[in-house]
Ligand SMILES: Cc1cc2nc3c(=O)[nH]c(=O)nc-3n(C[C@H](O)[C@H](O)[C@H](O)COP(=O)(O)O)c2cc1C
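First comes one chain, alone, set out as structure tokens in the form predicted alone.
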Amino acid sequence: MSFQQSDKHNDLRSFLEILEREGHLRRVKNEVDDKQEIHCIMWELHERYHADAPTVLFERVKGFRVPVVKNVLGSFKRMALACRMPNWKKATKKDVVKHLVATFDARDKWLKPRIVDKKDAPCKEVIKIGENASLHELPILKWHATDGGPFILMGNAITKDPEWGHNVGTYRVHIKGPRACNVVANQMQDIGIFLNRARRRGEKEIDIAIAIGGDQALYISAGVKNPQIGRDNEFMIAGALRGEPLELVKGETVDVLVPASAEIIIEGKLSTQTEDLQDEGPFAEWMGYSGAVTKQPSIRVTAITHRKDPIFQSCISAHRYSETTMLYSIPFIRWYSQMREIVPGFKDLNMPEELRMYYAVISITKRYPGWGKNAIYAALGSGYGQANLVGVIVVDDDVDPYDMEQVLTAVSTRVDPELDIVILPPSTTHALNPSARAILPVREPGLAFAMCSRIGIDATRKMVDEYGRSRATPLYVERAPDQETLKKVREKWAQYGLDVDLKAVQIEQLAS
């Protein structure tokens, strides 16, 4: 493989070339088994390197001709590269969040996709229709020991509504046979909304395509919980991130557009009928639990197209540093903008990976009594807060919401539990929430809910009007050194003789 010297990329292959050049990619050349060996390798990498675990290309997977690549977007640096951020090598989560918020807010810079001819679409190099198409030819594996079967985990599911246009979402797909599978399509997601709109129109099925691989910007934009449903927004946001329109091509057997640079496209018909619901799961979820089995709509595969030598992109879940944990940082971006508008004194917002994105930390510049609780009610009463959150922690602007040590210090030193913790009664949440009580019975396709109460923690400094509890001292101020003196100490550091070669000390101790 010849390396390109620029950071320009437009598909999975060119993205991997950059990662390999920059030391982010590792290759496993020896054959790996399909019985959780890949999963265990990735799990161990996450254990050893945490969020710095590399992307891994497994070149030989037993029983398949197609290689598997894992953990492509498993760090915020690589997500920054996917977003075309020029400083991607040093990017942090906060940098990526700020960049995405700015991109999603600048609607005038969203770019409409460009339709290309079939001959110019790499995803059409091989076309298999009907009986010639088989999911079993692809390395779609049972990734975790507790999974209910093989799953596609990094597939962008593309559906279309006659009024609202295309929607793209990264929903997992449970394989049931060579041309049969089902997809998570909850009604709180756009795919579920499209599905039920079609059912109410009397349609028995809708077209769907699942794109695997391709430009990584589409995975980023597909994760957005956009309040303006459909209208091809995900394609347009991907174009904005790319700095040029995303290239799309018409499906072979479905009336949807698909990314031309994808490695693999699976086309099919998604049933709207209740009698076609099938068990989906269990699956090792991003929050670290094996999720419950739910009823989800089935897909009848009609065609598979792919490159001549495709690469199957996937990930693992459940580990606290896995790629899915990173990707779950994306959906709250649109919510970030909403909170910025409605939370009094809003300064910043984080969904910590340590809390598996079920808690939000919101920092505010507090000017009046009660603003901490106002922020709690605004967050938990919003659409995203209602659908996804278990709790909200509100802190002052002297606390970095991306630093969990600071957040927990604020919780432990600024919270009187009786006065500063709010408990909201149970309301509907998504069915996979492990904190929730029993899943409600499914009444129609795409409708799977559970019930869960919510908690709000006001960890702001209290003003005198809040039960006479004025706490005016900023966090850490007592131990913060004088900055001018600290600067001088750092300049003279070598003179103090305090640096110790611990390895040399250990050798000396052993020798004695």
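Just count from 1 along the sequence shown to find any residue number. This one's a predicted model, so the numbers in the text were calculated from it and none came from an experiment.
Missing here is the form predicted in complex with the named molecule; even so, the following discussion is about that form.
Engineer: Between the options Met236, Leu248, Ile364, Cys315, which residue brings a heavy atom to within 4.5 Å of the named molecule in the model of the complex?
Structural biologist: Spelling it out, the residue with a heavy atom inside the cut-off is Cys315.
Engineer: In the model of the complex, which of the listed residues (Thr170, Ser298, Thr302, Gln406) lies with a heavy atom within 4.5 Å of the named molecule?
Structural biologist: Spelling it out, the residue with a heavy atom inside the cut-off is Thr170.
Engineer: Taking the partner as it appears in the model of the complex, which of 412-420, 131-139, 261-269, 183-191 has residues with heavy atoms within 4.5 Å of the named molecule?
Structural biologist: Within 4.5 Å of the partner lies stretch 183-191.
Engineer: Can Ile212 be called a contact residue for the named molecule in the model of the complex at 4.5 Å between heavy atoms?
Structural biologist: Because no heavy atom of Ile212 falls inside 4.5 Å of the named molecule in the model of the complex, the answer is no.
Engineer: Answer with yes or no whether Pro401 is in contact with the named molecule in the model of the complex, where contact means some heavy atom within 4.5 Å.
Structural biologist: So Pro401 does not count as contacting the named molecule.
Engineer: If you check in the model of the complex, is Leu327 within 4.5 Å of the named molecule, heavy atoms only?
Structural biologist: Answer yes; at least one heavy atom of Leu327 falls within 4.5 Å of the named molecule in the model of the complex.
Engineer: Would Met154 sit within 4.5 Å of the named molecule in the model of the complex, counting heavy atoms only?
Structural biologist: Contact check for Met154: yes, within 4.5 Å of the named molecule in the model of the complex.
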